[in-house]
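Consider the single chain below, provided in structure tokens and representing the form predicted alone.
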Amino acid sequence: MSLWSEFNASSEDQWIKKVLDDSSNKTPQDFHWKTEYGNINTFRKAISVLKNDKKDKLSEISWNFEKEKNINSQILNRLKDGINSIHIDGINYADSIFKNVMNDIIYSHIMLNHNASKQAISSWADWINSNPNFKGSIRMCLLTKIINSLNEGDNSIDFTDYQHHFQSNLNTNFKCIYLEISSKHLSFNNHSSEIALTGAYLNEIIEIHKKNNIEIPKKIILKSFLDNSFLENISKLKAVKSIINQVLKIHSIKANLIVETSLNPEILKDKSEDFRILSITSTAMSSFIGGSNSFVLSDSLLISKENYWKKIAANIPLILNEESQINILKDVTKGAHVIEQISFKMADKAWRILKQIEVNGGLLKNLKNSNLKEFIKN
């Protein structure tokens, strides 16, 4: 049963006649959606449909903390607002961070700096290993490390600290491969390029793990930044999951793919608080429908630093989760032929770009040779 199963089916000709009767001086082609990944026929049922694994429910409503000042009170306030997951981003461990925080009933995700010292890594690992009931992840953005090294003219990248954070952490529930490509790393011309780079990035990480004898964990976490295009956001999530699962299949790796979504702060520049709240609402809805596992909020999405606006932002995914019917295991986009066309074409173009990157030596080699942007222009 899909969202559309209660409605009587209509033929393509019936839809075209209805729309043209209600429009003047229009042709069917005027209603086609021309995109960077192909022409979307808004009247036609999808001929090819993207095959995906089962849809997941969104289980984590998260808040990302990047500043040490008053971090404990900020965490307690957001937990009071109803979130069930916290992200500690680039902050060194201290006992005071988690005072009165019941970490055994929430998810705790630790983002290490790309150049974190062994001491900083070990401090977080000791905390993680202190309680087997803790749930979450410890992660390092390897792409940031690679790009920074190349920018400094260092082609012999040292992965010792990356390896250390896997070896020092005994709680296997926290071990993961973390994928994040945002605008601060590389600029994208389109969604297909971003998805292709994500797949190439995962392929590169797997090769790094193999060459450096680093265990490949059973959990892959993908962070995807969304914009205000509702249909494309849903399609992007379906397409990127398909590409990631294909890369894992090629390497014969069985791992649980976890998708985190957040609103891209770049689209909020010079925008009002009301615009930001509407954007958070739209991206939260597309995250639920597209099969995200976690929706991540942060102070950077708001102008005001008052707790009132943070509570409003936290309430958006909470209300959608508790008072709507969109957070379900069934894929409600099945039969939504525009979304099916977009996701298939988006994934198809991404796969072609990904293969081109790999034929030319892979992500790391192309970064070293500064050739990567040539592949994502098309």
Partner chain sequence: MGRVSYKNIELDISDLSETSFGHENFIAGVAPFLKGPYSSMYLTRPWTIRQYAGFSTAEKSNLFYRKNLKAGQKGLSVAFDLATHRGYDSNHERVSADVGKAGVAIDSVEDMKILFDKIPLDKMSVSMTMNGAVLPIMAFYIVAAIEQNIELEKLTGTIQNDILKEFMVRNTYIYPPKESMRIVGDIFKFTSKNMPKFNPISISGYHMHEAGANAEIELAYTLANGLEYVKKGIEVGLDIDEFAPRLSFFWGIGMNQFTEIAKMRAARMLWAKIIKKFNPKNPKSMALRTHCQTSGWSLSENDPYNNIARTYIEAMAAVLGGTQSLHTNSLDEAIALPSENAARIARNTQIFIQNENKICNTIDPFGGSHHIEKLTNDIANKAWDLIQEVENQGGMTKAIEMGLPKMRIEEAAAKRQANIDTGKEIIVGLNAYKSLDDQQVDILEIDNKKVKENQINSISKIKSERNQEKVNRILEELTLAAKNNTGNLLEITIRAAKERATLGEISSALEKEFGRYKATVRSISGVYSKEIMEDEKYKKALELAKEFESVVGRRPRIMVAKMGQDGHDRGAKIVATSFADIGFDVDIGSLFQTPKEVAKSAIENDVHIIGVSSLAAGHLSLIPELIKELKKINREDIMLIVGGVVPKKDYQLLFDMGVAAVFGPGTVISEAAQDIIKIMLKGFLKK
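These figures come from a predicted structure and were not determined experimentally. Just so we're on the same page, rigid core means the largest C-alpha set that superposes within 1.5 Å between forms. Residue numbers count along the first chain shown, from 1.
Beyond the structure shown, there is the form predicted together with its partner chain, which is absent from this document and is the topic of what follows.
- Within 4.5 Å of its partner chain in the predicted bound form, a heavy atom is found for every one of 8, 45 and 354.
- With the partner omitted from this view, the residue of 161, 81, 89, 126 that lies near its partner chain in the predicted bound form is 81 [heavy atom within 4.5 Å].
- Among the residues 70, 29, 39, 324, the one placing a heavy atom within 4.5 Å of its partner chain in the predicted bound form is 324.
- The partner is not drawn, yet in the predicted bound form one stretch among 109-117, 215-223, 250-258, 127-135 has residues with heavy atoms inside 4.5 Å of its partner chain: 250-258.
- Residue contact with its partner chain in the predicted bound form: residue 203 places a heavy atom within 4.5 Å of it.
- The closest heavy atom approach of residue 315 to its partner chain in the predicted bound form falls within 4.5 Å.
- Heavy atoms of residue 65 never reach within 4.5 Å of its partner chain in the predicted bound form, leaving it off the interface.
- Contact check for residue 94: no non-hydrogen atom falls within 4.5 Å of its partner chain in the predicted bound form.
- Along 257-283, a non-hydrogen atom within 4.5 Å of its partner chain in the predicted bound form is carried by 274, 275, 277, 278, 279, 281, 282, in order along the sequence.
- With the core held fixed, residue 358 shows a CA shift below 2 Å between the shown form and the other one.
- Core-superposed comparison between the shown form and the other one: the C-alpha position of residue 27 differs by no less than 2 Å.
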